[in-house]
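First, one chain by itself: the form predicted on its own, in structure tokens.
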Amino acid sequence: MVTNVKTAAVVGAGTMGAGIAQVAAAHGCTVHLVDVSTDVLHRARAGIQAQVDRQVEKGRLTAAEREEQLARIRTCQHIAELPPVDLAMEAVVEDMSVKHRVFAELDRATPPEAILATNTSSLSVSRIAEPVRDPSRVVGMHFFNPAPLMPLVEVIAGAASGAAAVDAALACAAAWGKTPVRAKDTPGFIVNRVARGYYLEALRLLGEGVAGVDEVDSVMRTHGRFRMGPFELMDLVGLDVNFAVSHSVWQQLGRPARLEPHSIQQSLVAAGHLGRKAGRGFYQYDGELKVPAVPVDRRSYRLSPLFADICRAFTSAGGALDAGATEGYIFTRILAAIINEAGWALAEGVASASDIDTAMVLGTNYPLGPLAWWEKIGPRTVRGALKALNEMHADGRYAPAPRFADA
């Protein structure tokens, strides 16, 4: 198995594929970028050129370094045209049949010692490897968008992935300037699973009439110190993309109540209100201005004195010292949902505690890892919040993960 990647192929020259090719070339790797469309290849090349030019303008690269970096990127339209490479990365659409065709071709076109990697964000690495004669050389290397800027790579071992291939993928990601974390081949891996709590709990609060989209976003930015509120972030990602990931993770994990997609988001997707790219999602966009586009059917709620005390303790320990009662309730529910999903992922062996925290900080810009937050807020307080919330719902959606149940 290859241990030092000097030549690579990237199949799929869309946003992610082009970004990964740029990263590899920037770190001295010769890259062959493959796409059946010449137009896509031209756009990818132009986009990489523009980004590298900006680095020269900012003094981060010399003109000579720019030319060397660009010269390391070659293009072709067919996998069969590839020369021998150390690693081949698939970055095509999230469609299993398409990925199977790509990997069958890569299996024929690459040396047997080459690593075959998939950039999938939601599909099973084990299933993707099925057309490959030696699946031990197949691993997941999930980069985040934009690949040149985002520091995280989730390295996923499929059921048949060999230790040598996984170690080589970890070393390659690090050599390309990224921070790799190990993840089990489970739905959503680390980031796309643990982040569900941020979105789904915000949707529940809106649906229950506790607060409007701008109020929830403000609480999480101001008191949680998140860079973007959950509704702003869903609009940026695209409601269709976010809903599809939520639905996929929920289905593949056996439809647990805590991960059930919300009807509000489903209705917006059906109406074509997909967020910023459509001009309307949870907000209506007019240039840089945005106003809430989903009204809240505001309803009163009442907390028991015990749960009110828990919320105050939770928000205070969590750093939301100036939060009012409703703000503290919003903060507690959303952050508790994130922490609990991290606990379930840990209990199921998806990743280590340190890798979960690293992934959420680097992959989603969270101000703190969820398990670090658990330690900061205090095991008893987190457990108390989850148990109190769970008693309010018959479906067990807030049942504490094993890590927290007896904390």
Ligand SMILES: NC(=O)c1ccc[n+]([C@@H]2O[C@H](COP(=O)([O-])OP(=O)(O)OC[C@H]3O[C@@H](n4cnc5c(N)ncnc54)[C@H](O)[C@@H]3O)[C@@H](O)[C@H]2O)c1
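Numbering starts at 1 and runs along the sequence shown. The structure displayed is predicted, hence computed values, not measured ones.
This protein has a second form, the form predicted together with the ligand, left out of what is shown; the following refers to that one.
Q: Report yes if any heavy atom of Met16 sits within 4.5 Å of a heavy atom of the ligand in the predicted bound form; otherwise report no.
A: Heavy-atom contact with the ligand at 4.5 Å: present for Met16.
Q: Answer with yes or no whether Tyr283 is in contact with the ligand in the predicted bound form, where contact means some heavy atom within 4.5 Å.
A: Heavy-atom contact with the ligand at 4.5 Å: absent for Tyr283.
Q: Examine Asn242 and determine whether its closest non-hydrogen atom to the ligand in the predicted bound form is within 4.5 angstroms.
A: Output for Asn242 is no: heavy atoms all beyond 4.5 Å of the ligand.
Q: May I ask you to state whether Lys99 is within 4.5 Å of the ligand in the predicted bound form, using heavy atom distances?
A: Lys99 belongs to the contact set for the ligand.
Q: Sort through Glu94, Glu260, Glu215, Glu130 and report the residue having a heavy atom within 4.5 Å of the ligand in the predicted bound form.
A: It is Glu94.
Q: Just one of Val382, Val34, Ala342, Met360 has a heavy atom within 4.5 angstroms of the ligand in the predicted bound form, so which one?
A: So the residue touching the ligand in the predicted bound form, by this definition, is Val34.
Q: Have a look at 274-282, 120-128, 173-181, 251-259 and name the one stretch with heavy atoms inside 4.5 Å of the ligand in the predicted bound form.
A: Careful reading of the contacts points to 120-128.
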